[in-house]
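Consider the single chain below, provided in structure tokens and representing the form predicted on its own.
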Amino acid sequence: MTDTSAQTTRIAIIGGGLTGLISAALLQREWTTQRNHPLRITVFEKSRGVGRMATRYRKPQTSSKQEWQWAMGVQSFSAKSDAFKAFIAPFIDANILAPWQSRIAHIKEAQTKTVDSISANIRTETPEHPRYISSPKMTSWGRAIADSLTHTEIQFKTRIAPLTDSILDNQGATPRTKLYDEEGSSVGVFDWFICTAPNVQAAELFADTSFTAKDKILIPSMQACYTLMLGWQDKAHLPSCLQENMRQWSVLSLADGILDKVFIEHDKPEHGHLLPSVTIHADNAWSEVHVDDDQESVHTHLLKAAQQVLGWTSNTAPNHIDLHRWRYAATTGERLNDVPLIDKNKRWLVTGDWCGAGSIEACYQMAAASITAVISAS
């Protein structure tokens, strides 16, 4: 029998977020049409799940079969390029992605006035650029992409140790990278190493190497975001500004305060079965300043601001309150001109939505550019 293991191209992808998953999906699609030897991809993900669009849900302590549900990360995304539209089309056909025509209200001076006392400017999303959500939960799309991968293994709860030049094996025709987890155990030898982690984490991975693009990794800045999640037992006890017959919005965009946006979760498509659920994203700049503060203090500040905006009383206060901190949530400042960051001699590549606009479509764009670079250099 012929040993095909040496002929198999093995690629490691760090990060099971959307950039990593889409990279694997595009790689297996393009590889099978342009190469005639086997491919094996291993995605290393430090958490227990995949996809950047996270969902949190809770059931009340009562015997109710209903639950609260919050899209605690990215709320929705748009698709503008033809290539990205083509990529998401099968997931729309499968009802995993659904268009969401949100009603957005823009208000100012949110830190001193309640929604009831502000004349909001209401606008509706235009049909030319609809926004999409994942259904039934925001995690569903990432899981669907992962399920579609036929040449890929995903290793959860695995942190890759920082790289060094000594892990390169240059004995063959091309360099190969020996990877280890944080406990020092070997996790395999790979022909390509693709890092899709946030840039601060990527910089830590390459700090002790001579990676040619190492100095460019931290050019973009990333800011944190706190997410406040509120739940009510029933719609009858919602604050007046959240009552359906008294509001014209499903998304509230705030200004001049520590809060950024308020989302009505039970207003989204196929979400009518949920208990009243509201997600609030804090301002990124404020979150970054307070990212290392005592979480109880952050919780108190955000809850006070939310009560000021939504105007609840003791009779209409939320029954459930939760807080989550996203350490690397938004990309700000200077963008990279040359992406992805690649060292062809080592076959190392760094990419991520933070290289571009920081959007979900940027995940696709960076993944596509990365796979083109890998295939052309292989």
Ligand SMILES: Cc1cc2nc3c(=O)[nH]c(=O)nc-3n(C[C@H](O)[C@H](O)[C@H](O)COP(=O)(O)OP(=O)(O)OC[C@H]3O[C@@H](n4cnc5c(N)ncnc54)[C@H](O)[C@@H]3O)c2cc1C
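Numbering starts at 1 and follows the sequence shown. If you're wondering where the values come from, they're calculated on a predicted model, not measured in any experiment.
Quick note: we don't show the form predicted together with the ligand, though the next part is all about it.
I need to confirm a contact call. Of P220, P136, P175, P198, which residue comes within 4.5 Å of the ligand in the predicted bound form, counting heavy atoms only?
In short, P198.
Which residue among C225, I258, C241, A306 has a heavy atom within 4.5 angstroms of the ligand in the predicted bound form?
Checking each option against the ligand in the predicted bound form, the one that comes within 4.5 Å is C225.
Heavy atoms within 4.5 Å of the ligand in the predicted bound form: which stretch among 69-77, 141-149, 245-253, 288-296?
Result for this chain: 69-77.
Within 4.5 Å of the ligand in the predicted bound form, do R29, K216 and K346 each have at least one heavy atom?
So, no: the whole triplet misses the ligand.
Partner proximity in the predicted bound form: C363 to the ligand, non-hydrogen atom cutoff 4.5 Å
Yes, contact at 4.5 Å.
Considering only heavy atoms, tell me if W312 and the ligand come within 4.5 Å of each other in the predicted bound form.
Looking in the predicted bound form, residue contacts with the ligand do not include W312, since no heavy atom lies within 4.5 Å.
K46 versus the ligand, in the predicted bound form: is there a non-hydrogen atom within 4.5 Å?
Because a heavy atom of K46 falls inside 4.5 Å of the ligand in the predicted bound form, the answer is yes.
Using heavy atoms and a 4.5 Å limit, would one call A25 a contact residue for the ligand in the predicted bound form?
Judged by the heavy-atom cut-off of 4.5 Å, A25 is well away from the ligand in the predicted bound form.
Only counting heavy atoms and a 4.5 Å limit, does any residue of 329-356 reach the ligand in the predicted bound form, and if so which ones?
Stretch hits, in order: A329, G352, D353.
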